[in-house]
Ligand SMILES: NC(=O)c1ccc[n+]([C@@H]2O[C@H](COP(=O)([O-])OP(=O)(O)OC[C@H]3O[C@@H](n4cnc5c(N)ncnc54)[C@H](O)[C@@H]3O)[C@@H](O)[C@H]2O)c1
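Below you will find one chain, with nothing else, as structure tokens; this is the form predicted alone, and questions on how it binds or moves follow later.
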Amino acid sequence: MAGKLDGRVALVTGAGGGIGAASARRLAADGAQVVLADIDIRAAQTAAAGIPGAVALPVDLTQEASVKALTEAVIAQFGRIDVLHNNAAIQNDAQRQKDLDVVNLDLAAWDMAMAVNVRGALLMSRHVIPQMIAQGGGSIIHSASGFGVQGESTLTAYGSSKAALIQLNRMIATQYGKQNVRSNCMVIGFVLTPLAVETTPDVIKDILLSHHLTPQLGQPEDIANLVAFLAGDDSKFITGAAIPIDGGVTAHQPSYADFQKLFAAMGSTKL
């Protein structure tokens, strides 16, 4: 049985683990030839080893020469790039410790977030779009975040970079849509990646779950399902969109969780 992405080449950044690796697996399952790119080439190679035919390549998104070399290598080996998943982002513990409120933010953390999360996606798109135009089209998918649409007491740089990525997505969709290059953005909520499972205390997970409209937190595979949809022809009429994929967290009033507790205590939703 033919896959929906048979004959297509998909390039995923930040593919060494978590959402990127899950997306690569799903795209491959749908028939795509997958290239996993990551600054941690060993992690990318490990992830690729579990995907038949997958290739792992290194990339440093802060260096345009590295981005150019990556895209040229993919085109040289496979002749095309049909799907670009701009998934990579800087959000490790060292970065988080510096990414505070505006007054206390380490400016180096701001610069790094912008360099990787926005400029990196710009560079990848910049070097892939000409190939997509030449071959007749393609789909670009960006991993943004709920931090890009809502305020928070910390992670100023991360949130601002994701907001910029949402706008970059609209720019790409507007500028290249008539040349059959689509661009869409996923506004991702909390996801139980291996790192999140390891580093997030259960009490925090419980607080986060109380604000979800779903009975469970998200898994990397949930995001990968949307990536696969946006990569294929079933989504051909969708472009320039910022699609929430967050268990409904951004769909309700901020007081939702508190009222749920109140209603449970009252045994009624009547106020």
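Just so it is clear, the structure is predicted and the values come from calculations on it, not from any experiment. Start at 1 and count along the sequence shown; that's the residue number.
Below, we turn to the form predicted together with the ligand, even though it does not appear here.
Engineer: Report the residue, out of T193, Q95, S125, S160, that has at least one non-hydrogen atom within 4.5 angstroms of the ligand in the predicted bound form.
Structural biologist: None of the others qualify; the residue that does is T193.
Engineer: So which of V181, A88, C185, V74 gets a non-hydrogen atom within 4.5 Å of the ligand in the predicted bound form?
Structural biologist: Here the answer is residue option A88.
Engineer: Out of the stretches listed (125-133, 167-175, 143-151, 74-82), which one is close to the ligand in the predicted bound form, meaning heavy atoms within 4.5 Å?
Structural biologist: Heavy atoms within 4.5 Å of the ligand in the predicted bound form occur in 143-151.
Engineer: Does any part of G189 reach within 4.5 Å of the ligand in the predicted bound form? Heavy atoms only, please.
Structural biologist: It does: once the ligand is placed as it appears in the predicted bound form, G189 has a heavy atom within 4.5 Å of it.
Engineer: Is I51 close enough to touch the ligand in the predicted bound form, meaning at least one heavy atom pair within 4.5 Å?
Structural biologist: I51 lies outside the contact set for the ligand.
Engineer: Look up in the predicted bound form whether G18 has a non-hydrogen atom within 4.5 angstroms of the ligand, and give yes or no.
Structural biologist: Because a heavy atom of G18 falls inside 4.5 Å of the ligand in the predicted bound form, the answer is yes.
Engineer: With a 4.5 Å heavy atom cut-off, would you call L105 a contact of the ligand in the predicted bound form?
Structural biologist: Residue-level check for L105: no, no contact with the ligand.
Engineer: Suppose contact means any heavy atom within 4.5 Å; which members of 35-60 contact the ligand in the predicted bound form?
Structural biologist: If the 4.5 Å heavy-atom criterion is applied to the ligand in the predicted bound form, 35-60 yields D38, I39, D40, V59, D60.
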